[in-house]
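This document contains two forms of one protein chain, each encoded as structure tokens and listed individually as structure 1 and structure 2.
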Structure 1
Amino acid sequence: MELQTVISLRDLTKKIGKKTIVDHLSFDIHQGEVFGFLGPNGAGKTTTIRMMVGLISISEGQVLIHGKNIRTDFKNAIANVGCIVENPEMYKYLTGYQNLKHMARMAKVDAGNQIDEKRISEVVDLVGLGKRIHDKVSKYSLGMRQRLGVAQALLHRPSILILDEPTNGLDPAGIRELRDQLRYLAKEEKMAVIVSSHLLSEMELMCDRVAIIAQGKLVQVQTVGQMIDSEQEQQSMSIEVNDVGEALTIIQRTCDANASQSAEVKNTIQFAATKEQVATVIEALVKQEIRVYRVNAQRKTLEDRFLEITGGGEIA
């Protein structure tokens, strides 16, 4: 499957005074993927998104949306984008429906992409606002405002959806629903969905690829799969056996000299090993007629990787 690039960042930089807030970011985002911006508070995620949608000026570099430069060809570039930057803010004294009508009138005027009442009720159904769409937004809960935000972002059938911290303030059920919706839009509607977050476990479930940003710099872009288990990497294991003494000697000899008996769990040894080494250890134990009851891999989460890569909870 060929991956069509829909957004390219090229050395994107934002400077305010002498401070560089976003520092030469370059990467591509493809059609049909959920792409995450991951970074601690103050990493520059929101600033990057604001440059991508033309809310703030770009100090250096460029943003290309379907090959069109956001700075020099703003109208044609932004027409492909639907977005919520930070909070889903809407006109509180209008109803949800009037808000959508307002956004429909802002769309690009061309014959092929009319946004009529049918389209409005389509997105209302999609986000599940139902009859409440005719209530004033001032009466909405945060979850409903988030839904309305998604509805207005999808209204003009964009090929790119950009959401800054979309799960902020949502309850677990709301987060789950949003996640399913975003995955659906990427897989079935072939949209490129860009989300930012510091909720790391959340990104792991939601994204196909993640760009890790720390202090305005790109640390790396990886698929979520790559980040979690790489073949060569050692994982921390725990193993429960009947004869701890014998087993410990074997493990220390075959793979991890630092293997140790667990202080908390009886008859359990902790050690670090790659995938292949685990197989070797089990084989050796069984040969010595040691009974193996349980083997656990403490799966490394994105969170561990993230803290490893960004050097802990340091805030820029």
Structure 2
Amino acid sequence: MELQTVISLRDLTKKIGKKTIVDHLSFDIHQGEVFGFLGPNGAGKTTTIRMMVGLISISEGQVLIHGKNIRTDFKNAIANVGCIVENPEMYKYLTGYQNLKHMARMAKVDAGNQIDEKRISEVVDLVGLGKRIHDKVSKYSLGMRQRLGVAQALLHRPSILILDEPTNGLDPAGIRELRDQLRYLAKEEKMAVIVSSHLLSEMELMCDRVAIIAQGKLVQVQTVGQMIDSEQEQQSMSIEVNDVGEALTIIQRTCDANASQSAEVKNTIQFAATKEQVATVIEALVKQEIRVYRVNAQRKTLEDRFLEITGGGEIA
């Protein structure tokens, strides 16, 4: 099934004086996916997001939202977008509910010229603020304000949700709840969700695809699975057998690798191999009647791949 593109970046560029901050970025974001946006400090990630929603000018290139150009048709393009860039802003002397009513008026979220109370209740339930929605925002924790910001962004039923560091201030339970909410919005509501975060372990669980930029340039756009689980790349393996000596010979011959006996675990060999090589090793061991008790792979994480790709730069 062909994926519907909701946002297209085409040679998107930002220059300040003679310095290029964002350098000809081009990629698409699809309906119904959670799309992660990652980059080291100073990579241009936040600048890109600000250009995508019209907060700063574009030097070259274009951003198309549902085919509408953010530069030439801003009102119609941005109508499809809900976003929080950096920290959500709200009136702290009002309650959470009053903030949402005020936002609903500005966004013209109404039902027969009346504020759509049902929609407000829906977004309150979605972000888990039901018990505190009538408290003043001044009494909210940072995590609660983050939840209220997400609720504000969802009020007008956008087809695209952009969140910059949405997990800030959330405890582990809150992070998991937000992840589940965003996955629900993408899969059930067919919303495109664009998320930037420094919590790479969470991005690995949350995102369908990720884009990595460094020094303003696009380095890679792939599914999370493709990025961390390449068929061609070798993984660190350990295998437990009943005959270490014979198994070592077979593994070294099969993988052309420097396999070695583990000093920590008895009858265990450590080696590096691709998936296909692992299958060949196991087949060869079985043919020689060597008993295989356990095979473990040290799977790469998104953080591992990020550090490899960016050369260890800090995450913005």
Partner chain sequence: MLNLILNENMKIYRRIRTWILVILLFLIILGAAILVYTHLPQKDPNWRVTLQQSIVQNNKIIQQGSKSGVPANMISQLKIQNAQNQYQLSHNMANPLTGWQFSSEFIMTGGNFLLIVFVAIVAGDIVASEFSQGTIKLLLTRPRTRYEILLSKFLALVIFSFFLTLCSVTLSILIGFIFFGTNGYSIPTLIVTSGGNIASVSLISFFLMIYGLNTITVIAIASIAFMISTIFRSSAVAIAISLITLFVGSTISSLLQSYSWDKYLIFSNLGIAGYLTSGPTLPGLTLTFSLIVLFVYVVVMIALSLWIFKRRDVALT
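Predicted model, so just to flag it, every value in this text is computed and none were measured. Start at 1 and count along the sequence of structure 1; that gives the residue numbers used here. In this text, rigid core is short for the largest set of C-alphas that superpose within 1.5 Å between two forms.
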Of the two forms shown alone, the one predicted on its own:
2
Any CA movement of 2 Å or more for Q288 between the two structures, core superposed?
yes
